[in-house]
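Let us start with two forms of the same protein chain, each given on its own as structure tokens and named structure 1 and structure 2.
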Structure 1
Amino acid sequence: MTSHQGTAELAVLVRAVAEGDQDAFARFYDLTTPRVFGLVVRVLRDRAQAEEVTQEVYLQVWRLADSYDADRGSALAWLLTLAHRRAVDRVRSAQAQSDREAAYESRQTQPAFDSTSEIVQGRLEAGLLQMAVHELSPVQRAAIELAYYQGLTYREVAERLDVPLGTVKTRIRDGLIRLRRELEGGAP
């Protein structure tokens, strides 16, 4: 799916879906669902909710396929962004209330870096990170993982890590550039 050929096929399928081709949609679904579902489960940490969100994501694929612009990135990147946003929306709306309630207590009882030190110290997620994420510096990795897997904005990451906004933006940028190089270098 991440091979060059697979990438090209996904782009062709998305264009067919935009024309209303249901068979192309089914094929696209089959090729990509494990990836989408895995990401959504990772962000939501709840399979039942992840199922709902994954279904919503594929309905969006059907409805929004004509908005896919190959110049802006691969079809897989487009799909995973749809999935990530939807999952993060769910996290934020679900957590909004409990977060507000927990915020005061958490500020009182925990140093801000506690929740990320686990990540910094390299608690690996099962099955994850067999690749380039290892190459990131610990601070780059913490910023990227907090943002991507926990759905924090870079402003929230800055707050959580107690570093300036500019620093977080730099860590994210440099980390992604490094990941990009690793992925390019390691591609089959």
Structure 2
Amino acid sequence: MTSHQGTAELAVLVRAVAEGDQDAFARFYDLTTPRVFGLVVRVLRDRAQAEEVTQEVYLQVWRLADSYDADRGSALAWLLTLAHRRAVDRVRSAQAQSDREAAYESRQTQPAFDSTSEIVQGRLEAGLLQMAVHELSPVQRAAIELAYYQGLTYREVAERLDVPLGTVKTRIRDGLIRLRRELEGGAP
């Protein structure tokens, strides 16, 4: 068969495939698979993916054979264009997936937790707080210790200290202001 005969036969086969002729499709497949697979494997550089894409191309041929227009080019050129586009789409899809995974990983990566540093920092802060609490007046210290260290409500603190509720609120507020100043390095 000459090249011209091969081109003419492929065009006839595509028209028959468009009419649902399975034998024509099988003959078209047999005549063109080596060229399609070769093109796809060159683009993808992966035989397994190239096999999948080649199958997808022939499925597309079966579905779109009626869209083939002989005036726009040969059946082989049409087929190879479909194959090239499908292979490039697969490459782009794989790249997009890789980009999404890299972006996800960068968002999920947490800095290494330094538990020793956290413990030391916590102890330093606790030590500073303890020193600042000792700088409070005895009535402020008592109210703050009951409220914050023992978890009592203002009303419970007032009952425990046997003072009015307003007095407890004032002692705690003034004590917290003084603590803030102490911890920030200011004068009491």
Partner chain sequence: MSGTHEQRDDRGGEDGTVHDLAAAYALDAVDDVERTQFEAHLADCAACRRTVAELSEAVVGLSEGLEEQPPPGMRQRVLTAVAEEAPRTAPQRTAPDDQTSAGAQAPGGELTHLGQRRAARHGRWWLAAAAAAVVAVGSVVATQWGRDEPGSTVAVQEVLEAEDAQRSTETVNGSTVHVVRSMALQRTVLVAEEMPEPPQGQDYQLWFVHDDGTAVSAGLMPKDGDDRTEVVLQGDPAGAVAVGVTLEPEGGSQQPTSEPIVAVPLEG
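Sequence positions of structure 1, starting at 1, serve as the residue numbers. Definition used throughout: the rigid core is the maximal C-alpha set that superposes within 1.5 Å between two forms. All values reported here derive from a predicted model rather than from experimental measurement.
Undergrad: Two forms of the same chain here; which is the form predicted on its own?
TA: Answer to the question: structure 2 is the form predicted on its own, whereas structure 1 comes from elsewhere.
Undergrad: If you line up the core, does Arg15 shift 2 angstroms or more at its C-alpha between the two structures?
TA: No, Arg15 moves less than 2 Å.
Undergrad: Establish whether a shift of 2 Å or more occurs at the C-alpha of Leu179 between the two structures, with the two forms superposed on the rigid core.
TA: Yes, Leu179 moves 2 Å or more.
Undergrad: Where the rigid core has been superposed, how far does the Cα of Arg141 end up moving between the two structures, given in Å?
TA: It moves 84.2 Å at the C-alpha.
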